[in-house]
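First comes one chain, alone, set out as structure tokens in the form predicted on its own.
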Amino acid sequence: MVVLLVGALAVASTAVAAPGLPPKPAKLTMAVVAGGETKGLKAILPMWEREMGVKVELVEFPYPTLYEKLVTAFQANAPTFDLLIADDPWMPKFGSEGWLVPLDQTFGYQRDPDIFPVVYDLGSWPPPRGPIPPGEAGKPRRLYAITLVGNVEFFMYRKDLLPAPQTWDDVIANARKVHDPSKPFYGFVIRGAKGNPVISEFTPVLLSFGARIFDNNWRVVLNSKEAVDALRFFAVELKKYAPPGVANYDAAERAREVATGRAAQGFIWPAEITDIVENPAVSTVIGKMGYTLAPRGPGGKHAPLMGNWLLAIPKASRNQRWAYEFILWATSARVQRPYALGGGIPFRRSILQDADLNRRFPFFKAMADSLAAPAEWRPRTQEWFAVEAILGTHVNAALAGIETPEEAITKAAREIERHMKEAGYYR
């Protein structure tokens, strides 16, 4: 309780430092990914340094290098970093290995009702629902990280031409209404490149059809009628209304098709909107786009996908208390507003539902609805990247017409099961 009071005073005050904190360190060193994910963080750092008098040094790495650097520092128990931001699929590895400071156990962190429960669940280990990796189920659940970048996938559509789709049937009806390749203007655009791109696109469809990759015991249940139906819908029905070549499209191509007025509907992530779709320098559709929850499928479910970046403290940090103070400060409602205005992707309910901010960022309500749905996370296993590569190869092959949906699902399920067996998930 004393710790919480100290944290609250520090967040609410503009004083140099709250009483009860240890002496100020010369600086806090934070490992971050290079790219747009840190835009909001860089915007608020001068504010932190002005209020608290502690410098934060960002050490930026490309995505794969960041993971390698963090693992190397963790394994050496080296105090290289005081803070880090981690992609949420890394949590199974970091949580299983015990490399992070438990924020609830160490500092008494209490959940804030202004933060969506799924955000806390994502930063907890072992996971509070779904299958739990072998050897992890008996561990006490702790909160190891809190979201900084509230990335979640939702749906965009041309609101000047079409109604907001609630279901996949609505999406097809909308596409039929406006699809005209002779203009060209396409009813739907797909991010279909092999691997992570196509799986980020296909997973909300797969889950909305009632299919799953694993059951709660990690048995592969992908080879189902629901999964084949979902892939047939994705690779055949939706593709009828897509531009040629979408099996090679990544996020930039998808957003560009919409921004240049060549496509009417598709999935979207927040950064693609601010950088491309709602960027007046490159977009011709400003004011014409609507944003809504991922469409509901025959399984009766909306299934938006999460891709959060999380703030956490390495156990080897020599400045854990000040690092925790930074997490409290950066994720507070007071700071999330300038964070959002500075180009960050917020995650708090009050910020995403704020009327003034929604006039400036017309997709915030769709983000709030998606996090409340709740959004779905990738299966919580260290093997996810291998599973994604397998499934992403075969879904892409179906989209390219190389495999039928039945063949793609059958092959993917067989290869994923073989991989999980080799990884020790089955006796």
Partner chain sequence: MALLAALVVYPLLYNVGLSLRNYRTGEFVGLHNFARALEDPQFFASLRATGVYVSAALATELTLGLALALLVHRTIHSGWARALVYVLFLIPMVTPPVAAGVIARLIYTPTYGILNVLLLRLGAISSDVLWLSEPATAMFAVLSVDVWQWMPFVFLVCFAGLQAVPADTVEAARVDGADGWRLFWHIEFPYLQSLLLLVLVFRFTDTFRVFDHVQVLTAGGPGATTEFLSLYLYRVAFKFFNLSYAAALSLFVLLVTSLAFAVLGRYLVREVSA
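Remember, predicted model here, so these are calculated numbers, not experimental data. Positions refer to the first chain, counted from 1.
Omitted here: the form predicted together with its partner chain. The next part is about that form.
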Which of 41-49, 27-35, 357-365, 382-390 lines the interface with its partner chain in the model of the complex (heavy atom within 4.5 Å): 382-390
Non-hydrogen atom within 4.5 angstroms of its partner chain in the model of the complex for each of Y249, I402 and H419: yes
In the model of the complex, the residue from E257, D275, D88, D229 that sits within 4.5 Å of its partner chain by heavy atoms: E257
Contact assignment for its partner chain in the model of the complex, among D170, E253, D121, E136, heavy atom within 4.5 Å: E253
4.5 Å heavy atom contact, R212 to its partner chain in the model of the complex: no
Any non-hydrogen atom of A397 within 4.5 angstroms of its partner chain in the model of the complex: yes
4.5 angstroms heavy atom contact with its partner chain in the model of the complex for K194: yes
Interface membership of P244, its partner chain in the model of the complex, 4.5 Å heavy atom rule: yes
Partner contacts for 61-80, taking its partner chain in the model of the complex and a 4.5 Å heavy atom cut-off: Y67
